[in-house]
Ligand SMILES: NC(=O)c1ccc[n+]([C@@H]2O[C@H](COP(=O)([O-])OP(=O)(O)OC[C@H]3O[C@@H](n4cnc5c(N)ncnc54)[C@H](OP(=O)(O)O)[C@@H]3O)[C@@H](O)[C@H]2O)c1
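This document starts with one chain, in the form predicted alone, laid out as C-alpha cells.
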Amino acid sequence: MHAAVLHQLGATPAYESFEEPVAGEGQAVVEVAVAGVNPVDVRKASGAYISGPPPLPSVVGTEGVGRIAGDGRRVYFDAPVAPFGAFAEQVLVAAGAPIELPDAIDDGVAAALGIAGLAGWLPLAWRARLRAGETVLVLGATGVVGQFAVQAAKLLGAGQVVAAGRDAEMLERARRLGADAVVDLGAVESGEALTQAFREAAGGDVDVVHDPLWGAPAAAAVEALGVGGRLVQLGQSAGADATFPSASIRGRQLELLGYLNFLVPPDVRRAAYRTLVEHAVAGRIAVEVERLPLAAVADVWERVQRSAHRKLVLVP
C-alpha cells in the first residue's frame, strides 16, 4: 500500500510503499478515507512527544476516518497500532477503539473534530469547568484549535468570548464563529499594554484563558484574570517560557492547568467527541477543511508547521 513513511527522527516522511497491516486478535484494519494532519504528528515524528519515539521505519499520522475492513462500518480512529499510522491507505487499530460515525457528517469534518476539536472543547468543558456567563479569552484564535475553542466557549454558555491572534482575516472569521471581541496580537505590545487590551475587549476581568501559545501572550493574559481565574495551557507556539510574578497567582487565587489530549481518560475523550459530532451535524460547529492527496505529504508536512488556519486532511 502507499503511505507516508518515516525513516529518521525529525525528517520529512516519504510517500512510498509500505507493508499492509494484518489484524491480529483484538485488532481491526481500517480502510482510510481521510487522515487528519496535526502539529502533534510532527512532534511525534521528532521523537520529542510524551509517548516516546516511534519505531523506524513507520507510517506517520494519528487520526482519520475510514471503514472497518470486513464489515464496512464508518468510523473515526485516533490510536493506530505501530508501525501503522494514519497517513496510509490502511491502518491497524484496536478493535474496540474506533468511534462509529453517523452518515450525516462529512469525513473531513469528522477528522477535524478529533485532535483539534477536542483540544478546543475539553480544556474549557473538562479542565477549566467553564460556567455559564463567564468570560473566556482564547489565545491563538486564528488557528484551527482556537476556532474550535471560540465555538466551544459559546456552546458551553460563556457570556463574553474574546479571540486573540495575529491574522486579521482569521480574527474576522472568529467573529463570525461567535467571538464578541478580538485582539490583534500583532498590533499591541506585550506586557501591560496587552493586558489592558485583553481587559478592554473583555469588558473587565477574564475568567478563563484557553492558551495554546504561552510566552508573552500568556503572561499578559494571567494579569487579565480576575479572582479565581483559570488559565488552561496546551501549547507553546509563542515560546517555551512565560514570566509573571507569584503575587499575581497568590493574590487572586489563580489556577494554571495543564492539558494534553493524550492524557484525557478515554471515556471522557470519547464522550466529548460524540458531543462535538452532534453539534456539527446540527450546524452548531463549523470548520474549514482542505483536502490534499497523500502523495503531497511533504508539502503538507511543511504547511502544518506554519499554521494552516484550516484543517488539512490527506486523501489516500
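None of the values given here were measured: they were computed from a predicted structure. Numbering starts at 1 and follows the sequence shown.
We do not show the form predicted in complex with the ligand, though everything after this point is about it.
Contact with the ligand in the predicted complex, defined as any heavy atom within 4.5 Å, is confined among 154-162, 98-106, 67-75, 233-241 to 233-241. Checked against the ligand in the predicted complex, the candidates L130, L122, V182, I115 yield a single residue with a heavy atom inside 4.5 Å, and that residue is I115. For the candidate set A219, L213, L92, A174, a heavy atom within 4.5 Å of the ligand in the predicted complex is found for exactly one residue, namely L213.
Using a 4.5 angstroms limit between non-hydrogen atoms, T62 is distant from the ligand in the predicted complex. The closest non-hydrogen atom of T12 lies beyond 4.5 Å of the ligand in the predicted complex. Among residues of the shown chain, H309 is one whose heavy atoms approach the ligand to within 4.5 Å in the predicted complex. Mapping the unseen interface onto this chain, V144 counts among the residues with a heavy atom inside 4.5 Å of the ligand in the predicted complex. Annotation for 251-267: interface residues with the ligand in the predicted complex are Y259, L260, N261 [heavy atom within 4.5 Å].
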